[in-house]
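Form predicted alone, single chain, as C-alpha cells, below.
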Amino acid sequence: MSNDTPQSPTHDQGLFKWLWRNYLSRFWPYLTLALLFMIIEGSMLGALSFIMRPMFDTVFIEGNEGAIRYVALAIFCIFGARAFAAVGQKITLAYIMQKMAAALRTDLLSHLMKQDGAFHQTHPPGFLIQRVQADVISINEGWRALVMGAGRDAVTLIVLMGVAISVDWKWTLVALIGAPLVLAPAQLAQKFVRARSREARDLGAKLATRLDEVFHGIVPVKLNRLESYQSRQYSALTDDLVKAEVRANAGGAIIPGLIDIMSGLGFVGVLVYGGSEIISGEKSVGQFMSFFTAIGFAFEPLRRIGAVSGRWQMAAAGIERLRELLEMQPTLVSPSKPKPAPNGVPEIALKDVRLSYGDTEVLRGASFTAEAGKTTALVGASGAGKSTVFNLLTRLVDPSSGSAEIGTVATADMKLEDLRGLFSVVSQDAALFDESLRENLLLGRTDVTEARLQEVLEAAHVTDFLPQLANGLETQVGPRGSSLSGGQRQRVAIARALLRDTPVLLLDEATSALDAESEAVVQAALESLSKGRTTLVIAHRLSTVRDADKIVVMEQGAVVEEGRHEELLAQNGAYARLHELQFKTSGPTADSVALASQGRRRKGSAGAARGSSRRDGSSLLSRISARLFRR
C-alpha cells in the first residue's frame, strides 16, 4: 500500500492506475467506443444551445418562415444523434461493467482460496463475501461515474462553455463567479465521504458475517431460542450501517449542492450585468437565449462532475480493500526446486514434529510411522493434536521444527499440487454443493466413463439409495447436500475418494455423526476404500479402529503409545484408560455392542449376524469383498 494518506490525489491516482492496469485496460476498444458515444452525446447539448440564436433572432424576431424547416430539422437531428449516442454508450458501458465485475470476482475468489488457514481464521466468510460482492459493485459504479465524468460530462461542459464564450466572454466570467467558493468545502467533503465509505464497507462485512453465522447455525439458534437475541444484534449493526451510509451520501451530496449555489449566483450576475445590454440593444435576444441555454445546460454536467468525486471516494474505499486482499500472498507455497512426489503406495512418517498456534503448542515432538498399504489409527482426547497431523501432512500448516514425510520426501519439498494429489479425505462433514449428484461426484472431471462411475457407485453403496431419488444422478442435492441424509452424504464423499484413486487415504471421524445402521453401511464402504492404500484414521470411538494395523495414542500433542489393540490394552496405559472410559464405566453402549460384534466376526462366530445394523454391515462386506478396488 502507498504511504500517501487515503485522501491524497496521488493515492487516488495510484488506485485508478491499479484498476486500469489489471482490469479496465483489457476493455480499451470498448471504452474507446463508449467515449466516442459520450463525445457525440455531450456535444449535442452545445449544438442545441447554439441553435437557439438563429431560432430566436432569425425565426422569431425577424419572422423568416423559410428558416423554420431548417432550424426544426437541425433540432430533430440533434436529439436523434443524442438518443443514438446515449443508447450506444449505455450498452457498451454495461458490457464493460459486467465483464470487469466477473473478472474481478473470479480473480478474487481464486486468490482467496489459495490463502492459508490462518488467513481464513481471521477473515470470516461473511467478510469475504462482502468484498467479493458489494465492493465490486461499488468499484464498478465509481469507475463508471469517473469515465462518464471525464467523457460525456467533460465534453458537454467544454462545448457549452465554448458556446457561452462565443456569445460573450464577460458574461461567462460573471456566470462562474461563485466557482472559487466551491473548492475548499469540496476537498473537505471528499475526505469525509472516503472515511464514511470505509466505515460502511466494514459494517457491511460484519453484517454479512452475522448472516452467515445465523443461517449456518439456524438449528442451534432455534433450539436455544436465540431468534430475538440474533435479531437485536443484527438490528444494532444495521443501525450503525444506516448512519454510516447516510453520512457518506450526505457528504457526497454536498458538492452538487455547492455547485447549485454557485449556479444561482452566476445566473443572478448574468441577469444583472447582461440584462442592461439586451435592453440597450448591444446584445440580441437570440444571443442571450443561446448563452442562457448553454449556461443552463452546463450546470447539470457540472453537478454530475461534482458528484463524481463523492462516488469515486466510495469506490476508492472498495478498491483499497480488494487491492489489499489481492496483494496478500500465501506463506505456504511450493518450493522453488520441488522434488517429485513418491510413486506407489508410500510410507508416512512424522519425525520430532513441533507446531504452535500463536503461544499455544499443539504438537510437542510427535513422531510415528504409518506403514505403506496399512491402516494406522490416531486416537486420543480432543485437543491431543490428531487433526493437526492431517493438516501437516497436507501442508495446510508447516511445522515449527521436525518434518512430515511421505515416502521419504518431506512435504515441504514437494509441489503443493503434487502433495495434495496424493490424498483422498473423507471427514465427518462431507462438502457437497448445490448441484446435481452427478456433478458432486465428478466435480468437473470429464475422464470418468459411465462404467467406472457405476462401479464406484456400487462400491460406495450409493446405488443403495439412488433409486429413491427422483431424478437419479441428476437430482439436485440442495445447499450443502441438505436433501441427503448424513449417511448418504458420507457415501457420496467415499465415491469421490474412489474416483480420485489416490495412494493415501485420510479418514477424519468419518462415521462419528451417523446412526448405527448408516454407520454399518459407511464403514463397509470405507473398508473397501482403504484396501491397497496407506490409511490414517482419526477416531474417538475405539470400536471403529480396533482392527487397525497400528494404533497411535496421542496426549497433549505427543505420541505416548503405539501398537495393536490387544498390545495396548495389555500395557494398561493411556489407551487402556480410554478403553475403560468408553466401554466399562458407561455400560453396554452402542459402541460396546459394535465392539463385541466385530470381535465375534473376527473369530468367525456364527452369531455375528445378530442385530439389524450388524447384519447390514456384514452382508455388505461380503458383497464388496470380491469386487473393488481396481488400482
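Source: prediction; values computed, not measured. Residue numbers run from 1 along the displayed sequence.
Only in words, not in the display: the form predicted together with a small molecule, which the text now covers.
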message: When the small molecule is placed as it is in the predicted bound form, are 217, 433 and 482 each within 4.5 Å of it, taking any non-hydrogen atom of the residue?
response: no
- prompt: Pick from 234, 95, 357, 273: which has a non-hydrogen atom within 4.5 Å of the small molecule in the predicted bound form?
  reply: 357
- line: Checked 318, 385, 142, 204 for heavy atoms within 4.5 Å of the small molecule in the predicted bound form; positive is 385
message: Contact with the small molecule in the predicted bound form for residue 362, defined as at least one heavy atom pair within 4.5 Å: yes or no?
response: yes
query: Even though the small molecule is not shown here, does residue 122 get within 4.5 Å of it in the predicted bound form, heavy atoms only?
result: no
- prompt: Is the gap between residue 83 and the small molecule in the predicted bound form 4.5 Å or less for some heavy atom pair?
  reply: no
Contact test in the predicted bound form: residue 381 vs the small molecule, heavy atoms, 4.5 Å: yes
- prompt: Heavy atoms within 4.5 Å of the small molecule in the predicted bound form: which stretch among 386-394, 123-131, 460-468, 413-421?
  reply: 386-394
